[in-house]
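Take a look at this one chain, the form predicted alone, written out in structure tokens.
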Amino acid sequence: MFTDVATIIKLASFGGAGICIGLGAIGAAVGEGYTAGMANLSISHKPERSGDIMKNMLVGQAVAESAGIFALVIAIVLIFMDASSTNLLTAAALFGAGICMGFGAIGSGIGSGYPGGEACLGLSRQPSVSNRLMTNMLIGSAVCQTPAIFSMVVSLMLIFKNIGDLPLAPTWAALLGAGISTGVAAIGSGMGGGMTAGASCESIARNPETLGRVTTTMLVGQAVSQTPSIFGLLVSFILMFKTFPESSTLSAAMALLGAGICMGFGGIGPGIGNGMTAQGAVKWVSRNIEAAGELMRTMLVGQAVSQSTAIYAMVISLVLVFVV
């Protein structure tokens, strides 16, 4: 059975689909559960606002669900696509696509739950600013979905990539590494962006007059939190589109696979760390608006230092890619 290329490709396609939606369901469920838990807390404080809180909860949960839907779409494509190729590289590409979208949906799903939950809690404290809270929640949650979108793009590229006459080795490792790089790096950026957006909703509920400065600080903090996933995307593009000379040595394949693993896992901590930094800045802007400028500067310096480890991971990844 394992000498049949078509069978191997099907195995990779089905296995990738299972991993994709299996992992992809984690983040969305956790994010939705957090939002619902905070909604219950809010209703216990203000039962008379249960209708508005329920509406906010459902909208927040719908956004958190997006990452799981992305994973579902990729899984369906992997299951039902025409896998009539006779090139074993197709198996590596399809399995890498499932890994990419599966991991890539975790952080965005969890992250989107934070602003949804804090917006629900804010409604019980400041019912008069429900529209502002809803808008801020939607903006913050949408940014949280960016890493999942990166993962979906890379997954689709891997699925529909023209393999052509590329050598099996070490290209198979490059394709798997591409999926790992973007997918795993997305975890930190998705969660970090969500932490920042959650603090923004909390701050607006605490002091609605600081909406403009709070939103600006949130978006800047989220933008920096997304950079580890962008590094992961960059390494994935290089691994997917650079042509590697044929090599039967295991070291060449491990260098390319290692590059994807390095950047993928190397992006988790910086993404979360950047989110923690931005979360602190956003939270205190509403409490001391006069210090907003200083808080922004401190946030950016702190994020730059936290970001350095993602840069180290990217440098090593690029070294591994170009030594092959």
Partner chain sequence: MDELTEIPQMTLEFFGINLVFNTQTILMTWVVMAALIGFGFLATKKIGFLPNPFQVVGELLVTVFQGLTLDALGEDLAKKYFPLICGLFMFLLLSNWLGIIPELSEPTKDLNTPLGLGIMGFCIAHYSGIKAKGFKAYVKGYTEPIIFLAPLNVIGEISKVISISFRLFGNIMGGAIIILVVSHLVYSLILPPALNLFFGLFVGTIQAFVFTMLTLVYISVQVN
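Positions refer to the first chain, counted from 1. Owing to the predicted nature of the structure, the values given are computational and were not obtained by experimental measurement.
One more form of this protein exists, namely the form predicted in complex with the partner chain; it is left out here, but the text below deals with it.
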task = Just give me the single entry in Thr227, Gln126, Thr210, Asn87 that has a non-hydrogen atom within 4.5 angstroms of the partner chain in the predicted complex.
result = Thr227
query = Is there a heavy atom of Leu233 no more than 4.5 Å from a heavy atom of the partner chain in the predicted complex?
reply = yes
inquiry  = Can you tell me if Ile8 lies within 4.5 angstroms of the partner chain in the predicted complex, counting non-hydrogen atoms only?
reply    = no
request  = Using a 4.5 Å heavy atom cut-off, state whether Ala12 contacts the partner chain in the predicted complex.
outcome  = no
request  = Look up in the predicted complex whether Leu166 has a non-hydrogen atom within 4.5 angstroms of the partner chain, and give yes or no.
outcome  = no
query = What residues of 277 to 308, in sequence order, lie within 4.5 Å of the partner chain in the predicted complex by heavy atom?
reply = Arg297, Leu300, Val301, Ala304, Val305, Gln307, Ser308
